[in-house]
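Given as C-alpha cells, the chain that follows is alone and in the form predicted on its own.
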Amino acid sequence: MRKHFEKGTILFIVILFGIAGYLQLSIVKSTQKLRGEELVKTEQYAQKIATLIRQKTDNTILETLEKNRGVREDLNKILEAFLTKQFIYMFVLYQDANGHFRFLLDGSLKKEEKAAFKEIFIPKSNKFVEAYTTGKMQIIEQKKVGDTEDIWMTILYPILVDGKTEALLSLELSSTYANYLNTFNSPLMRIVHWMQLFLLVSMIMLIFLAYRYYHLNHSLTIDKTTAYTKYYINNFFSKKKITEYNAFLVDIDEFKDINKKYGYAFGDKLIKMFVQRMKNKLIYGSKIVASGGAEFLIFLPKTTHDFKTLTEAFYKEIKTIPYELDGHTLYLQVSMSALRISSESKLYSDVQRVLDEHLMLVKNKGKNHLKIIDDSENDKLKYGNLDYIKEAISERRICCLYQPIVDITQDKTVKYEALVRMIDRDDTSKIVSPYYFLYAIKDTSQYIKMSKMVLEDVFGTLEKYPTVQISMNLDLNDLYNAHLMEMIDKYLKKCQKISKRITFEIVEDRDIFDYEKVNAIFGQLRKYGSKVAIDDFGSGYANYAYLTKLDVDILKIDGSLIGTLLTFPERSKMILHSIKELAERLKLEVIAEFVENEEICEILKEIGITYAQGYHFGRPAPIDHYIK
C-alpha cells in the first residue's frame, strides 16, 4: 500500500507540473491573440470614426470645422454617441504652425469637461507627435496620473487626407476595459507562477503528509494494545463477508484491579502480552479488535476444524497458562463467548450484539467461564435482520396460526387466538416465532404493514367461518399508534357483524400511566361489539390496578402462575381462587394460559376456572387444521 501511495504521489506531482507548464504556454498564446484581436477591433473602430469625420467635412477637416459651427456640434454629438464603457474619452486634435496641439472636437459628456474649439492641448507623451508626423497609429499605456486615473490606454489614430495627417483622433480606454484584458494577461501569468510555487510547496507538503499518513493510519487501525480498532474492522467488513468468519468475544475479568494493584504501565504491558498470546494461538487471517477496556472481539476465518474443539483450546491457552511480567506471575480470569456465524448473517455489529448478550450472562453467573453459543442463536441474526423481515413482508411470508381456547367444563373449543408467524424463506415448512422478528420492526413502517396483513387474515377468517370467534394481540404501543388504530377502526366499522366475534388481547411490556387515554381507546375497540382482554394477568405489568382503572371483559391468567400449580400447588390454587372470585364479582371471563397437560386441566376445573388455552388442547396451526 505504501509503495502504491508513493508512486501515486510522484505521478500526481509530475502531472500537476505538466499542467502548469501547459497553462503557462496556453495563456501566453491566448493573451497575445486576444490583445491582437482587441487592437484590430479598436483600430477598426477608430477608422470608422475617422471616415465619418472626413465625410462630414468633405476631407477639409480644419477648414470646415472653423467655418461651420453646426458641423462641429454635430460631430461632437457623434463622438459622444461613440463613447462606451470601454472608450470613456474621445477627441480630435490638430497641430498648428507652431507645433501646438489644439482641440477640434471633444466628445466629453459633461459640459464643464468639454474643451473649447482650438483650445490648446498639452500632451504628456511624445507619442502624439510621433502619430501625427508618421501617420501611424500609436498606443500609450498610462498609469495613474492626476485626473486620468480612470484611463488605462490611449489610442492615437491619425486621420489622413491624401496621405497627410489632417487631424489626430484620440480614443481613451477605461481601466475597466484594462481589467477585462488583463484578466487574460498578467494576472493569469501570476496565477501560473503562484501555481508553480504552490506545486513546489505541495511536493514538500505531500512528502510530509505521506509521513504523517502512515502514522495516522497506524493510529486509526491499530490500538495501543496492538489489536485492530473498530474503524479498521468497519472498513474490513465493508469489503469482506461476515459469513466467512466465526467470532469470539473475550474479556479479562476485573482488569481494573490489576491496574490498581500493579499500576497502569504494568497493565498496558500485560494486555499487550495477552493480545500477542491470542495472535499466536489464532489461525492465520484472524482479526483481533479492541472493543474497549480489556475486551476484545475476534473474527477467525472458518476452517474444517471442529469449532468447539478450536474454541476450547484457544480459551485454555489464554487463561490457564501463566503470564510472567516484571518479576510477577499472573493467572488471568477470562470470560468469553463464541459464535459460529451462520450464512444468513449480514452485519458484524449484529454478531457482536449476540456475543455481548451471552458474555453478560457469563459475567452474571460468576465470570471466568466460556460460553459457546448454541447454533439456534443464529436464528436471531437471520430472522432479526430488518432486510430479511422486509423481504418476508413484501413476499407475504407473514401468516397467522390459531390456537384453540377451550371451555374445559364442556371440552369444547369456544375461540381461537391468532398468533403472528413468519415463514422461512428457504424452508417454507419452518415457521418462525415473533420472538425473533417482532422487536426488530417495532415503531417502523414495516410493523404497520405486518399489522395490516394480520388484520386481513383475522377478518378474512371471521368472514369465512361465521361461527368462529378470534382473539388477537395488541400492545400498548399499538394502542398509541394513531395510524394502526385508524386502520383497526376502519375494519371494525366495515365489518360490524364480524366485530362482535373478535377480542383484542392487550399485552403489556411497560406501565400504563394515562389510564383515561387507554380506556378511551378500549371504548373505541368495544364500540362495535368487540371485547377487550388483559393478557398475562398476575405477572409483570398486568396487575390488580388494571381491574380498578380499566374497563375490560376478560382476564387471561399468566402462564407463570399456571405453571406453579404442580410445583407449589396450595399457594398457587389460593391465588387462582382469588383471581377467579374477583373476576366473577366484576363479571369478567377468566382464561388460563399455558395449560400443558391433563393434570393442570383437572386442577383448573377444581378451582372453577372455565376457559383454558395451551398445548394440551392444541398447538398453533392454520385454522383449517381445527375447522374441517
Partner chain sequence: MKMKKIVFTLLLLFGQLYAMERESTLKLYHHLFRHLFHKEVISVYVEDREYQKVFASSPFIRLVPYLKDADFVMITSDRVLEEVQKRKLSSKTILFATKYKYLEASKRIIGAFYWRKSRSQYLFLQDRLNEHNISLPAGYSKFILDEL
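These numbers come from a predicted model, not from an experiment. Definition used throughout: the rigid core is the maximal C-alpha set that superposes within 1.5 Å between two forms. Positions refer to the first chain, counted from 1.
Omitted here: the form predicted together with its partner chain. The next part is about that form.
Comparing 108 to 116, 224 to 232, 552 to 560, 512 to 520 against its partner chain in the predicted complex, the single stretch with non-hydrogen atoms within 4.5 angstroms of it is 108 to 116.
Contact check for Phe208: a non-hydrogen atom falls within 4.5 Å of its partner chain in the predicted complex. Heavy atoms of Arg102 reach within 4.5 Å of its partner chain in the predicted complex, making it an interface residue.
In the predicted complex, its partner chain sits beyond 4.5 Å of every heavy atom of Gln469. Its partner chain in the predicted complex is approached by Gln142, whose closest heavy atom lies within 4.5 angstroms of it. Phe91 is the sole member of Tyr528, Phe237, Tyr546, Phe91 with a non-hydrogen atom within 4.5 Å of its partner chain in the predicted complex. Of the candidates Tyr262, Phe459, Phe121, Phe307, Phe121 is the one whose heavy atoms come within 4.5 Å of its partner chain in the predicted complex; the others do not. Core-superposed comparison between this form and the one not shown: the C-alpha position of Arg102 differs by no less than 2 Å. After superposition on the rigid core, the Cα of Tyr439 moves by less than 2 Å between this form and the one not shown.
With the core held fixed, Ile204 shows a CA shift of 2 Å or greater between this form and the one not shown.
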